[in-house]
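Single chain ahead, by itself, as structure tokens, in the form predicted on its own.
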């Protein structure tokens, strides 16, 4: 197990390097002068030149590139060009809110999606199967921000059950969950659609295998056949999809945070993009990539827990 984890981590180094290189050049090919964006149009030529010199923007691109890689290798995310504060401090304050929202969305998607997919597979070609498939198809078609606005209008504006603006923290646990519920439900419902469809497809793929008929012939109770023999073997594709979509959900959480005015990485990303804050934007994209790598590693390790035949040799 330890050797496998080490090999997986080493295998991510080329991927991370390519990602870092892409991020570095991406933020520099966008039109506009960061010095002008930060200091404003009224800044003098001397002030603009002094700012570029201070931030190292006048250095050749290779010098900036290797300095950027060296800082990342040391765990130094740099200092924001706009606020002058360490990016790591800002990130540490905002990241827990985004991780909490993403984790809650994944939890809702799995808790709702797996049973719905299983029920759809068991009732194949019935009215209930068609209904679940139609609803899940609608869920695949609705963007996260559109669903967020609909849920806000219904449950916050019309019914008044949940706050319109989520501050991310409440006076107690109940209030905290009330503020988290709608943003998490927005992400969770969309993920439910994906999980339900993959669960149904994978379940039907294994439900007619010979070992299922053998278990029934040996007198195994039907619920045990469904859960232990069929569903457990159908979970590998579901785990793969959940791991892949968790990274997508991490990005969707940014748009959801904007709609609900919830604290998190969304404010940092939008601010860094609008003000051309190279340092902050680079660091945020690096953190996003690292989180995706961690999610993929956890997904690989989950295979062994579900299927003992999988060995990490």
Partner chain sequence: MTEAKVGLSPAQRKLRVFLRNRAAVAGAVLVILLVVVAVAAPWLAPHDPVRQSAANRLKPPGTENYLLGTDRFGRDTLSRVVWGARVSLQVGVASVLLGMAIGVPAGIIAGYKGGRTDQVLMRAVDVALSFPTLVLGLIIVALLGSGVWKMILAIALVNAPQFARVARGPTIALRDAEFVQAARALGTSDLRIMFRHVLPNVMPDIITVSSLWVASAIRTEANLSFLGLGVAPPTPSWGNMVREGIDFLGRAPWLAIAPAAAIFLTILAFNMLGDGLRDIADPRTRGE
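Numbering follows the first chain given and starts at 1. This is a predicted model, so every value here is computed, not measured.
Keep in mind that the form predicted together with its partner chain is not shown, yet the notes after this line are about it.
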item	value
Contact test in the predicted complex: residue 251 vs its partner chain, heavy atoms, 4.5 Å	yes
Non-hydrogen atom contact residue 137 with its partner chain in the predicted complex at 4.5 angstroms	yes
Its partner chain contact at residue 247 in the predicted complex, heavy atom, 4.5 Å	yes
Residue 152 within 4.5 Å of its partner chain in the predicted complex, heavy atoms	yes
Candidate site 22, 289 and 292: all three near its partner chain in the predicted complex by heavy atom within 4.5 Å	yes
Answer range among 227-235, 195-203, 98-106, 181-189 for contact with its partner chain, defined in the predicted complex as heavy atoms within 4.5 Å	195-203
Residues of 117-145 having any heavy atom within 4.5 Å of its partner chain in the predicted complex, listed in sequence order	133, 137, 138, 140, 141, 142, 143, 145
